[in-house]
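The chain below stands alone and is given in structure tokens; this is the form predicted alone.
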Amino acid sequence: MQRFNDLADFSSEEIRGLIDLARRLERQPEPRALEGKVLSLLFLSPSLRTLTSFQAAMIRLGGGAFVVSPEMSIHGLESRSGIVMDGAAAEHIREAVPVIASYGDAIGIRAFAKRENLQADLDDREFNEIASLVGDKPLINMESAINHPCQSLADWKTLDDFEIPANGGRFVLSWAYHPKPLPLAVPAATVHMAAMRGMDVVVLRPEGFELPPAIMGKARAAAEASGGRVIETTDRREAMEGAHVIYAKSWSSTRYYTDRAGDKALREQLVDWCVDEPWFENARPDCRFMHCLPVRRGVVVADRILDGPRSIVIREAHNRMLVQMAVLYRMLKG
């Protein structure tokens, strides 16, 4: 495996193979599998689970990792082309990225959307430009403007762990209130993952927060191949009918993608989009709650849901380490 950038680059059988490998490594650890191997981690966006889970994964496999971040390691990192560097940034990605990549056997890169141009983010232009600088080193997308394959792989494993049906299982991806406009990466990756798994996928969102046609088209193509289905609705009752799982996540208004004031005015009318027990009236009695974390209590979801039996967010987060161990094993050992 040379690149882990998008679940769409793999067949369903290959994804299940990675999940099986993650389970095997959990049951039968191989603490010397990647002995002597080094993972370079470049964080151009903040992280808790991604950073710590990759470090833990490498340690458990006998390797090591180092972290580079503009906030903690260097005096600013410039990414714009053709810029005269007479400001705060002391280093350009064109030199920094090849050097960082050269110190490791593989590299992981995390770079959020700048939300300055919707089409540029949908095309993942910044991430692809950075990725082009790593040379022939294996590369892991640790979240880009429009994708988060490590989270999606962990989510797939979590659904399997709790025996939530693939074909015939109803998966609700719901927008939730958040005081800030957030990237499209997780919702885009999540709707595709559930569709690729063969589920009956419902995107529940208020007006103005429609996912772009490119994202929905990709998910519908995956659903067609897997025997699943993808629909959108603004009707909470309809969406939750017979639901096996609700996955809450906020994202930016695509109607006001580059207009922060317009986005703010729209989302401020939607503070009641906080997942709570009444949301589950039409769902299955054992309907589960998922979220990629971090999550704002009392804003995105009520405490009684997050702390109650419906929530599987801690196992979901733990699975990040396990599936990333599988990706690293396959990438660096074969």
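Keep in mind that what you see is a predicted model, and the values were worked out from it rather than measured. In this text, residue numbers run from 1 along the sequence as written.
Just so it is clear, the following notes concern the form predicted together with phosphoric acid mono(formamide)ester (CP), a form of the same protein that is not shown.
*Asks:* In the predicted complex, does Ser40 come within 4.5 Å of phosphoric acid mono(formamide)ester (CP), counting heavy atoms only?
*Replies:* Flag for Ser40 set to no.
*Asks:* Do Asp121 and phosphoric acid mono(formamide)ester (CP) come within 4.5 Å of each other in the predicted complex, heavy atoms counted?
*Replies:* Asp121 lies outside the contact set for phosphoric acid mono(formamide)ester (CP).
*Asks:* Quick check on Arg49: any heavy atom within 4.5 Å of phosphoric acid mono(formamide)ester (CP) in the predicted complex?
*Replies:* Yes, contact at 4.5 Å.
*Asks:* Using a 4.5 Å heavy atom cut-off, state whether Leu293 contacts phosphoric acid mono(formamide)ester (CP) in the predicted complex.
*Replies:* Contact check for Leu293: yes, within 4.5 Å of phosphoric acid mono(formamide)ester (CP) in the predicted complex.
*Asks:* Since exactly one of His192, Arg205, His148, Lys157 fits, which has a heavy atom within 4.5 Å of phosphoric acid mono(formamide)ester (CP) in the predicted complex?
*Replies:* Spelling it out, the residue with a heavy atom inside the cut-off is His148.
*Asks:* Report whether all of Arg110, Glu143 and Arg320 sit within 4.5 Å of phosphoric acid mono(formamide)ester (CP) in the predicted complex, measuring from non-hydrogen atoms.
*Replies:* All three within 4.5 Å in the predicted complex.
*Asks:* Report the stretch among 285-293, 29-37, 55-63, 265-273 that approaches phosphoric acid mono(formamide)ester (CP) in the predicted complex to within 4.5 Å, counting heavy atoms only.
*Replies:* That would be stretch 285-293.
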